[in-house]
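So this first bit is one chain, no partners, the form predicted on its own, shown in C-alpha cells.
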C-alpha cells in the first residue's frame, strides 16, 4: 500500500482533533485575553458539556438526530450560564486576583468533578452520533504515466468526523465575526485593552467579564458535544483537553485567538500524523518540546504581544 493514502487518513484524523482543540483553546484564550484569568477549571466545563450531552440524549430518547441537535443547542448555553454564575459568585468577589483566581478555579475543578462523580457515576458512556456513514477515501496516483483515481482497500472515515471539522470551522468564523464586526466584540476588545478606560466610557466591565467567562466555557462545552459521539463521556475526561489547551495557548500567544487556532491546527495535525505512523506518546512528547522551544525563543508566543 502506498504511503500517500495513509498520510491522507492520518491528516483527516488529526484535523478532527485540531477542530475540537481549536474550539476548546479559543475559549481559554478568550478568557485570558479579556479577563487576564487563568481558568484551571476550563477542562471541567468541557467534561460537563459531554456529560450533559449524554444526559439530554438519554432523557429525550427516540431519534438520535433530534436528541443530538437539542443537546448541541442547549448544553453549551447551560454550561455557559453556569460559568457566568461562577464568575459572579466567586471570581468577582476575589477581584480577579491572579493567585487567588488560580486557587479558586482549582477548587471549582474538584467541585464539578466530584459532583459529576456522585450524580453521573464513574462509567464512561457513549452518545450515538446523528449520522455515521463510512466514506471511502479516494487517492490520485500516477499509473503508466497517467493520473488515476482509486480507492485503497479499507481506508475510510465517517461522515460525522467530516461534519465535526466543518462545524468547528463555521463556529470559529462566527466567533471571529462577533469579535471584529459587532458592538459586543468592540466592548470585549476595549475591556481587554484598558479596563479603567472602558469603565470611564460606560462599558459594564463586570457584565462583560461574566459574559466572556461564560462564552469561554460554552465553547469548551460545544467542543465536547461535538466529540462525545467519537469518544465517551466520563467524569475525568477534562484533564487532556485542559493540558492541550494550555499548550495551544502558550504556543499561539496568551490571549490571541488567531494564535490559538493556528497552534491547534499544528498540534492536532501533528498528533494525528505522528500517532498513526509512530505512537501517541511520541506526539505528546513532541508537543511538550515545542512548548519548551517557544518559551525559550519566543516567550510571548507566535502571535502574542509583550505586555508591560
Partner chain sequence: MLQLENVSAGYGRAQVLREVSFAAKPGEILCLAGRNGAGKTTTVQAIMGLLPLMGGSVTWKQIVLSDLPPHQVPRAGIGYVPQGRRLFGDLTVGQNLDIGRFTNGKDLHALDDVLELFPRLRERYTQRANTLSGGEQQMLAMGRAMCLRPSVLLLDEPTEGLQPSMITAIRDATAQMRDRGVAVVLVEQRLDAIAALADQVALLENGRLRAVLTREEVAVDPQKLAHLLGV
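Positions refer to the first chain, counted from 1. A quick note: this is a predicted structure, and the numbers were derived from the prediction, not measured.
The form predicted together with its partner chain is left out here; the points below concern that form.
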| item | value |
| --- | --- |
| Option touching its partner chain, based on a heavy atom within 4.5 Å in the model of the complex, out of 171, 104, 190, 157 | 190 |
| Proximity to its partner chain in the model of the complex, single hit among 215, 72, 109, 198 (heavy atom within 4.5 Å) | 198 |
| Listed range touching its partner chain, judged in the model of the complex by heavy atoms within 4.5 Å, from 112-120, 96-104, 176-184, 229-237 | 176-184 |
| is_contact(residue 204, its partner chain) in the model of the complex, heavy atom dist at most 4.5 Å | yes |
| Residues of 8-25 having any heavy atom within 4.5 Å of its partner chain in the model of the complex, listed in sequence order | none |
